[in-house]
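A single chain comes next, written as structure tokens; it is the form predicted alone.
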């Protein structure tokens, strides 16, 4: 028999494995938006999500994907609730998530940018060649949480996941 704690852990693993709809290279767990999974009764589960920013349009797709995968694994009732406090920050992205962003060609946010000392330089390294010589092309890219930059060295454009 699966205990409540083991079942919650398995349901969290399943919900956390859902790819982010805007950055499918990352899972919701790696992005850090999955905040909790609790059994609230037999066949009933509540999942807590924190959007990357208030009004994030991807929250609807995340909710539908979580509901689908948990229904497929025997949960009769899945409730996904939005939790705004504490707010999500780029510090919530896992080390694996940062590695995947860079591998995908998106400059990840600096780790600890929100909780530590402010760096003296605001260098954004090119995810293609590693050069620190980059320039801002647009404060916004395909989503509000990314900026569009170009590397001065290799001339390749790339997205930068902004620190929030």
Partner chain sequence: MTAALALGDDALVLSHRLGEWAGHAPVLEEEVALANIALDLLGQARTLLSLVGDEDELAYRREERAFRNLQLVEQPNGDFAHTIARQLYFSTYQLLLYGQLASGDSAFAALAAKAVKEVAYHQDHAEQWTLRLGDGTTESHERMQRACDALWRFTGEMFHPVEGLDVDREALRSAWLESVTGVLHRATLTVPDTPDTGAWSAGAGRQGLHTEAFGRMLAEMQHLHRSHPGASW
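Everything numeric in this text was worked out from a predicted model, so none of it was measured. Residue numbers count along the first chain shown, from 1.
Another form exists, predicted in complex with its partner chain; not displayed. Remarks below refer to it.
Trainee: Using heavy atoms only and a 4.5 Å cut-off, determine which of 9, 144, 25, 154 is in contact with its partner chain in the model of the complex.
Mentor: By the 4.5 Å heavy-atom cutoff, the listed residue in contact is 144.
Trainee: Could you tell me which stretch in 135-143, 98-106, 65-73, 41-49 has residues with non-hydrogen atoms within 4.5 Å of its partner chain in the model of the complex?
Mentor: Result of the contact check: 135-143.
Trainee: Using the partner position in the model of the complex, report whether residue 81 sits within 4.5 Å of its partner chain, counting heavy atoms only.
Mentor: No, residue 81 sits far enough from its partner chain in the model of the complex that none of its heavy atoms falls within 4.5 Å.
Trainee: So, in the model of the complex, is residue 94 in contact with its partner chain at a 4.5 angstroms heavy atom limit?
Mentor: Contact with its partner chain, no.
Trainee: My question is simply whether residue 57 lines the interface with its partner chain in the model of the complex - judged by any non-hydrogen atom within 4.5 Å.
Mentor: Yes, residue 57 lies within 4.5 Å of its partner chain in the model of the complex.
Trainee: So which bits of 13-46 sit within 4.5 Å of its partner chain in the model of the complex, heavy atoms only?
Mentor: Contacting residues: none.
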